[in-house]
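Below you'll find only one chain, the form predicted on its own, shown as structure tokens.
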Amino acid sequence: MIIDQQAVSLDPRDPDFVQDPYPFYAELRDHCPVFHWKELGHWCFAGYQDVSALLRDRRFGRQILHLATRKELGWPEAPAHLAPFYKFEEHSLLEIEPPVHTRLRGFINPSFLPRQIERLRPEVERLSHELIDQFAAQGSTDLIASFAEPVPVMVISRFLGVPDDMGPQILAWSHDMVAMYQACRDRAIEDRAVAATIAFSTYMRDLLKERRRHPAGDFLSLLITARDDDNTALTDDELVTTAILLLNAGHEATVHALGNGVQALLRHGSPSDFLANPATCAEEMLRFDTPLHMFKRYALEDLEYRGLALKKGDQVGLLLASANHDEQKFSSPEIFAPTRSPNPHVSFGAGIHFCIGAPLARLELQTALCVLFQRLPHLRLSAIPHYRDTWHFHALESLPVAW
């Protein structure tokens, strides 16, 4: 990493950075917490105070083309081969701003309130036991493939009303689609993302047609019949994008949280530490080895922030994982502390784009890991895990464990 005043040169695919970015973040916070990342081409913020403030600052948003054209912003036209992907994202809750964001979130919020999500706890417990039954007698497993992936995938699939046997295909489509957000993507990544978007959308349209003919007690059926305050339903495109977003977002980060969290616990503590304090330990897992390392936003107007002049359409990167290790906010942040409280981490974001699935992710972490550690109290790492070359989706390739 090369630091020259407020300019930083750091390859986001550098193996040392991918495997352990936290020392790099500490150096950035010490020397230039606000910096221009040469390889990414935009300004970034590494400190907790800035990240927390900018997540809530309504002068920034997840989209900008609702306020200015590409020509006005000096952007080239979007590549034709990406048209299906960007068309899909036009209706994504994650990528839109009020008033459209407010309307769409209103359809989803009631079903993701903590008191509603709590009803899923017995299902998560049953599923966790069923999965562990499949490998408990083996004495070892890759916990990502056998547990961390299937738990959130099957929970969100069953919640929406997607058949269990679609789990592997949903994982494949999801991985290909979210790869669009990683650093240094190439044409092959883009082509796979577009193909996955088309295939996933086609599948979801067919499933929605089936639910219209035969409603069930699932969230897809509820979305089809839901109406907003103006008695208006979701359009077909909104239904498809919302359902796919919930499937993708409902498992992607939680898989990483489970894998990263178990690794952190086994390296710095023991299963008994989790069982003694499930809620606080789960929050520390989310803080200590954050699943999503960067959240990007656009300046919605010409503005100045901390002396930095930003023009309308400028993009900024908020380093959530760095903020979660800021010494000015967390005492001894490099120590994994299962009983850390309070723990105001920003792993779920903040402001109007605060993760709508946070209650579900928390329930899955607490419940699934309680079952895992009760069933396998002597769980230990059997090899050193390695992270995938995806950086800001901070995820293990595998998690070899034994007992």
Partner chain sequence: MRKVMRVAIATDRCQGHNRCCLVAPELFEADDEGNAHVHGDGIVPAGLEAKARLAVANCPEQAVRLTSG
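Numbering follows the first chain given and starts at 1. Computed from a predicted model, the values in this text were never measured in an experiment.
Below, we turn to the form predicted in complex with its partner chain, even though it does not appear here.
Checked against its partner chain in the predicted bound form, the candidates 58, 70, 378, 66 yield a single residue with a heavy atom inside 4.5 Å, and that residue is 58.
Site annotation in the predicted bound form: the residue of 232, 332, 109, 138 reaching within 4.5 Å of its partner chain with a heavy atom is 109.
Contact with its partner chain, judged by heavy atoms within 4.5 Å in the predicted bound form, is confined among 181 to 189, 101 to 109, 161 to 169, 316 to 324 to 101 to 109. Across the proposed site, 115, 351 and 354 without exception bring a heavy atom within 4.5 Å of its partner chain in the predicted bound form.
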